[in-house]
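In the block that follows, a single chain appears as structure tokens, in the form predicted on its own.
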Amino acid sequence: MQKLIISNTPHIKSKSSTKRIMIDVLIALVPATVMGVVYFGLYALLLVALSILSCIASEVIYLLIRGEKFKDILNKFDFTSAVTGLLLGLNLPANCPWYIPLLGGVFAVIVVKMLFGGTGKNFVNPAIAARVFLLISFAEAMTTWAVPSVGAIKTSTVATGATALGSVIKGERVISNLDLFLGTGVSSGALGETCKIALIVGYVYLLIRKVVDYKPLIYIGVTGLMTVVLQGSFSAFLPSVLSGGLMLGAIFMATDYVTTPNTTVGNIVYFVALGLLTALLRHLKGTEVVSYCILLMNFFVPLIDRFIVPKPFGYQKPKKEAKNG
């Protein structure tokens, strides 16, 4: 006898599934991963691989301990832990110790995801939470940036990622917008955030696949405009959006379905607040704060959903009655 599945109405058929969406995200992250390896060498690939393996292994082991059969785990595997692992790996310095992605993967999947019920139940983005955990626990290892390995693309102008972003915040120019866009001449930072064109290619793919929409542009645009206001110069716009991890965070982590509001209006409020908060804290702290801002706004999502409530399916606005006389 087949299992009867009962769910709430309305019943809407769609080809979309968690597995399909996660595979699309993995594909969209391939260009950034490839460019990270090109710029920083094969050790960067090892870090990414360890991060992915740690996340997948953590989920499988947790489910085995809970009593599920290995065959059932494989059948239900939805690639969410693989996406978490890849995003975490791309948020690491390219020369951090090998155990960093392993510990980060365990924290992201077991502590942030599985202990709260698994896929769809986490209240913050696992990759973001793990990165913040690693930044707090291993501050030196997570802020010691790599110089491109032999054979990586180089230019005559080389500036560390921290210095480049710090100079942008101060209104100084140490590297051209073109170098920031291509990632040439930027010798440090998280290995997945360096080449902006690779991130844009991934974003376009997700747009075509209808996994994401225009909302990351709100976050990026508001951050740039707020930076212009704080610095008093329109020349600060491009350097502010091309520096640091803004694009990586906006496209691939701030858009997490589980940790964003349920309504269109709520999402607009969420991404505008993210942009304002990121620009303001960057200006005050003089360093990158994208991960902290996304994590903080994740906590505010239930509050946004409480005050901005979605309309019921089939809702029609009441017609005003015509006045007599």
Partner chain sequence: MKNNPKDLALDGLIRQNPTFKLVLGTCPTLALTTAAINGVGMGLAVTFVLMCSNMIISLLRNVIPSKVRIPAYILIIATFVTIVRMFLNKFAPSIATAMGPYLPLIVVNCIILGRAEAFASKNPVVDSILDGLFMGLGFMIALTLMGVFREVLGAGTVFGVKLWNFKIEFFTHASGALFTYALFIALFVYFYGLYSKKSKRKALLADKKEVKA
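Everything quoted here is computed from the prediction, not taken from an experiment. Residue numbers count along the first chain shown, from 1.
From this point on, the text means the form predicted together with its partner chain, which you will not see here.
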| query | finding |
| --- | --- |
| Which of 191-199, 97-105, 67-75, 228-236 sits within 4.5 Å of its partner chain in the model of the complex, heavy atom basis | 97-105 |
| Contact flag, F138 vs its partner chain in the model of the complex, heavy atom cut 4.5 Å | yes |
| is_contact(F133, its partner chain) in the model of the complex, heavy atom dist at most 4.5 Å | yes |
| Interface membership of V111, its partner chain in the model of the complex, 4.5 Å heavy atom rule | yes |
